[in-house]
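Presented as structure tokens, the chain that follows is alone, the form predicted alone.
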């Protein structure tokens, strides 16, 4: 059965857990910017965690169902409405053929995730159904969803009413701490510049998408030097290097950018820090105007946070009977 797209929302796309393994040839891992919310949406409707979902930033789509199924909405706080009546988030909701799902205004967070029983059955590309619009492949015809699309759905079943316990649901705020590991090029910042990066607040600009999140804030002071052969004249230029997902570069030496899951794999800007993996979902749920403080942690702290993140996911699986 297909799900019909009446209104696409703002940049809605098909995503799953991504396509790791191709970064060396310039293809980013992609996948949901908030992986935990995507996983949970699938678990609620009885899918494998890696099934394809709809990711919608800032504004929800309007969908029409052509067969009876289950739907679950997770991620940002954005009131789901079935035929105009409010239904809960973080819960498996039964729908019947002809029902229409729409959404109210964004209240907190940035991105919702919509799962249906059976998952969105678009073709795999390099082992993933995630949309990579710059490469024009994956997802639904390699592009964001548009009005009039009919997105196929696989077969599956779940249990209506399955819900995430309140204490395991995330909450989103407009002021966040994002943990980072410094390097590889933090030494290029002058002591005053490094202090400003870590001790001052940064505001997320409207330039925030699946490739990167740009922040504005204090001026960063760089150590003057004679640029090495192969590097540009920008104070933050380096000889080209690979970019880890989550790395923070500062083009022009002014506004930091967190590279997210659709970012390029390398370039010529210094990476002053990298967001730890456990906080990348949090970054994905920040909307323009959110205030961020970067908090330096050790690699051991980052590994401990990753363990805690995985333990929380396991607790959620157990709570949902997965």
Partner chain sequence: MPEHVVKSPLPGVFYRRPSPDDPVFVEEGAEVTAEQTIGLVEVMKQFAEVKAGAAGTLSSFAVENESTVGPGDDIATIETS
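Note that the coordinates shown come from a computational prediction; the quantities given were computed from them, not determined experimentally. Residue numbers count along the first chain shown, from 1.
Separately, the form predicted together with the partner chain exists; it is not shown, and the next lines address it.
Within this chain, residue 148 is remote from the site of the partner chain in the predicted complex, having no heavy atom within 4.5 Å.
Taking the partner from elsewhere, residue 176 is found to have every heavy atom lying beyond 4.5 Å of the partner chain in the predicted complex. Contact check for residue 209: a non-hydrogen atom falls within 4.5 Å of the partner chain in the predicted complex. The partner chain in the predicted complex comes within 4.5 Å of no heavy atom belonging to residue 284.
The three residues 185, 252 and 268 each lack any heavy atom within 4.5 Å of the partner chain in the predicted complex.
In terms of contact with the partner chain in the predicted complex, the residue from 61, 57, 31, 256 that brings a heavy atom within 4.5 Å is 57. Put simply, of 231, 181, 106, 196 only one has a heavy atom within 4.5 Å of the partner chain in the predicted complex, and it is 106. Just one listed stretch, out of 233 to 241, 200 to 208, 81 to 89, 120 to 128, contacts the partner chain in the predicted complex at the 4.5 Å heavy atom level, and that stretch is 200 to 208.
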